[in-house]
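Given next, in structure tokens, is a single chain: the form predicted alone.
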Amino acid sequence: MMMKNADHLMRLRRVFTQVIGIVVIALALYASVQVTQPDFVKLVIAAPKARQVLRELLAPDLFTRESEVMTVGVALPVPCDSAPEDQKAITGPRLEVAPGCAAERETVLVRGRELGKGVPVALRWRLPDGNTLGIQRLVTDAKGNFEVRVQVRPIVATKGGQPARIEAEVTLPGGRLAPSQALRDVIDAMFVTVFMALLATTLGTFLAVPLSFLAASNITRRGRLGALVYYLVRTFLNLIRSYEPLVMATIFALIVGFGSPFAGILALVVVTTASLGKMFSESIESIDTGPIEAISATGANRAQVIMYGVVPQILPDFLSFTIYHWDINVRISTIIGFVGGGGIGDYLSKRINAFEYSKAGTALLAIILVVWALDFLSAQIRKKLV
């Protein structure tokens, strides 16, 4: 009878625990909804915009017909009297802006004249610092003209007496198929990203190797001084690993400049050192003690024991971890470019901010192909090392 009561109480306790667990999960989900406030109605309403963005992203700018690209522009002082207005052309391909100057937040009328029948036009701002800001893309009419209203943003204000310009990049029909400028730019940026990851992985590995021996308990944690060194190095590695690469890249970008690949390299070196140091130390701690004991029995000193008893066992793991982390760093470096780390991420961020989604699609395609290729390559190399 007592056994039956005990079983009954155990079942009740189990049911009660499960009910409490379900209630806690439900409350956590409710709190998540209240905090994040997902708006699925807005998602449905934004579907047409999403369709347009996805259509351009899925149509990467890879090739183009070799054709003449003509750029025409006109200065727009903001505010008025901050710089002289351009003299208005009356013939030939040209842009006309009315009025010829404006204040911030005002709207001006931009007209394209004699640009070519039915040709694509990329309308953009050329800021005083030389950077560009996309306005919109359009096609000229049967007379080679277009007309559009543009709002003057504060970012286009005149600086140092240099006014912003409104430019129209006109692509005239051509013939032979050739790689687009976007594809060439993406390839250059992708090379920067791959070599950023390679250099950062190499430097991080050289820093991680000595730290890993100091963070391995079976090597260092002997005596009070050894234990102190072990815990200090272990704490240092764990502390550095707690910071995301994006945070590191932002900090270094503030120091050495946004868009600089050096900022991305420094961030990746720090992250790689901490990550590989942790993995290397765990590899050292898992080695077979038999060879170490045999070499120690011959009277070898500590350096000889490490060289001939530890290194041969850990070398395959070290090489495998290093190659794998290079693959990881290539992926990470595509993201840290968004916060000023340079490389393909920086290019992708600029194209998205300029609403040039087809060029952004080119960068995304390159990232997918390169990451896939490096993942396959690193997997094959690791197989040969095992």
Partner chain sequence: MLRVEHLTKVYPNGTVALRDISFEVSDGEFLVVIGLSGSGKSTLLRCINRLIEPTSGKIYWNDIDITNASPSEVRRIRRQIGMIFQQFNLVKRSSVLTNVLSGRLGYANPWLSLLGVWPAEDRQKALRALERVGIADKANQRADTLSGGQQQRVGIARALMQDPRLLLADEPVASLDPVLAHSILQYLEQLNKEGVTIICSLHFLDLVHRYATRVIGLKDGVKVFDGLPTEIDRARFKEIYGEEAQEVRAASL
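Positions refer to the first chain, counted from 1. Here the rigid core means the biggest group of C-alpha atoms that line up within 1.5 Å when the two forms are laid on top of each other. Note that the structure is a prediction, hence the values are computed from the model and not measured.
Note that the form predicted in complex with its partner chain isn't included here; everything after this is about it.
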| property | result |
| --- | --- |
| Interface membership of P291, its partner chain in the predicted bound form, 4.5 Å heavy atom rule | yes |
| Any non-hydrogen atom of P312 within 4.5 angstroms of its partner chain in the predicted bound form | yes |
| Partner proximity in the predicted bound form: A300 to its partner chain, non-hydrogen atom cutoff 4.5 Å | yes |
| Non-hydrogen atom contact V148 with its partner chain in the predicted bound form at 4.5 angstroms | no |
| Its partner chain in the predicted bound form reached by all of S296, Q304 and Y308, non-hydrogen atom within 4.5 Å | yes |
| Option touching its partner chain, based on a heavy atom within 4.5 Å in the predicted bound form, out of P316, P120, P79, G226 | P316 |
| Answer range among 177-185, 282-290, 139-147, 191-199 for contact with its partner chain, defined in the predicted bound form as heavy atoms within 4.5 Å | 282-290 |
| L203: Cα shift of 2 Å or greater between this form and the one not shown (core-aligned) | no |
| Flag for I219, CA shift 2 Å or larger between this form and the one not shown after aligning core | no |
| Displaced residue check between this form and the one not shown: I295, CA, 2 Å or over, core reference | yes |
